[in-house]
Structures are given as C-alpha cells and as structure tokens.
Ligand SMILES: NC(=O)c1ccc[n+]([C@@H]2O[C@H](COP(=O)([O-])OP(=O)(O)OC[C@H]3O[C@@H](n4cnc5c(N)ncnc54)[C@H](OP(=O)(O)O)[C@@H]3O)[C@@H](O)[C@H]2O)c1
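Let's start with one chain on its own, the form predicted alone, as structure tokens.
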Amino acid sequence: MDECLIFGTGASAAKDYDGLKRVVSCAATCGIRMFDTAPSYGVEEILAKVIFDVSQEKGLSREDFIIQTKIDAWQMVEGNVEKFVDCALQKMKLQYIDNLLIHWPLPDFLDDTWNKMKLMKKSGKVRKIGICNVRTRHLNLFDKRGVSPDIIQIERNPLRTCEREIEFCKQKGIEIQAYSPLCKMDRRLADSSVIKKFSEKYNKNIGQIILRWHLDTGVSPIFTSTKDYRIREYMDLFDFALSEDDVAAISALNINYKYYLESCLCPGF
C-alpha cells in the first residue's frame, strides 16, 4: 500500500453529523481517503452518510474512499458475524466494505469468525480482512493455523516500536496500521530531545516528525482530531523523509511502553 494516513473515528473524533462532516471534509480536501471506524465507536452510519455527502460535494465517488470497520468482541461471541456485516452494509448504504478487521482476537471464537470473514471476502462483501491488537505470538500461531490477514492494526509509537511484529508482517506482505501513533503525545515524546532535534532539522513539529517516522518504517498511522488545522498539519508530511539514521534514533526511544492496558480480550493463546 502507498504511504497514507488514516483518519480514525474513535474516542477523540467528532460523533455528530455536523462535527464529523466538517473534519471528514477537511480530511478529504487534504487528500485523506481512508477512514477507520468500528461498531463500538457508534458512528458507522453517520460516517457513511458523511462520506457520501462529501464525495458528492467534491466530485468524488465511493471508489475514491476506503471505509474500514470491525467485528467487535461481542459479535464474535454471538457467532453470526455475517449478519452483523449485512446489517452494517444496510445501515451504511454500501455495496461492500473495503476493510473488515477483527477488533480483538478472542481465541475461542477466532477460527469461526475468520472463516466467515474469508467467505465474505470471496463473495465481494469485503475487499480485505485483518486483525487488530496482535502480538508476535498471535501472528506465529495464526500462520501455523493458516490465518493470513491482509492487514494488522496495533498500538504503535516510538515508545513501543513493535519491531518483531513489523518484521513479520513485512516478510508476509501484510499491511500494518498503527493506532494511537502519537501515544497521546506522552511527555517522553513531546519533550524528547531526540525528536526536538529532528523537528528543528526538518522544520516540522513533534507530531509531524512522529507520523513521518511511522511512514518511513512502512506503517500507516491512524490519527484522530476534531481540529481542521491539525488535520492539515498532519497531512503536511510528504515533502520530506527521515534519514535511516534519524529513523534509527527515534526507534531507539523504544521502552515497550503500552498506553492502553492489555485487554482481557487479548490473552495469550
């Protein structure tokens, strides 16, 4: 996949039609075409309407956008995940979902969910399938069980570089997405002398340097914002690239820190 930023509709994004339309319109104007959501975010239907309206206003088509949503844990437990996808398609007035990801890889329900997702991909209801919140132990086990995701989505930032996961995915040709890519601007990043040095070197702010680091390590960062200026700022990343030494220096900040606690929904297999 080409270098891209993904706009997320999670906790820190607008939830009502007017607010979401404003930020999606700004994102689309800036060239963002990929939007990440989930049933638990409560905006699937609103997001789809917003994208349709924005596309009409800007002379774009459905095919110009990538809409990514998820199968939440409770849907896995209930079992009939295709029913939930059909419901999402109906509510969102879509013919297909571009990317469908398992939000949490519940081990007792993974095989059944994955097999149904493969069938939905084969039928054309879904274009790509994947799994969120995985570690190398999951990926190795998935590989042995014949589970081959097109995409993985993980919490990742310079304090948690996930080098083993990244290497595994690159070897297997799996797309990698990073949520919480700025680690909520943890002070250890915001005050980092290393990142500040590169901020001065490239005349970019701290957030731009970190997002560029994601892109230069082959990862698509998912960011959220309700501020137009921040969206424009974060899309201003494509006129520079970090050197290999600079990437290595930022990666050396890794302390395997996880902002979000390991969920009970993601136990060891």
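Numbers for residues come from their place in the sequence shown, where the first is 1. Since the structure is predicted, the reported quantities are computational estimates derived from the model, not experimental observations.
Form predicted together with this ligand: not shown, discussed below.
- Contact with this ligand in the predicted complex holds for all three of Gly8, Gln153 and Met185, each having a heavy atom within 4.5 Å.
- For this ligand in the predicted complex, the listed stretch (191 to 199, 97 to 105, 158 to 166, 138 to 146) containing residues with heavy atoms inside 4.5 Å is 97 to 105.
- Using a 4.5 angstroms limit between non-hydrogen atoms, Arg230 touches this ligand in the predicted complex.
- Remark: Trp114 does not count among the residues lining this ligand in the predicted complex, judged by a heavy atom distance of 4.5 Å or less.
- Looking at Phe109, you'd find every heavy atom of it more than 4.5 angstroms from this ligand in the predicted complex.
- In the predicted complex, this ligand sits within 4.5 Å of a heavy atom of Tyr234.
- Taking a 4.5 Å heavy atom cutoff to this ligand in the predicted complex, the contacting residues in 126 to 150 are Cys132, Asn133.
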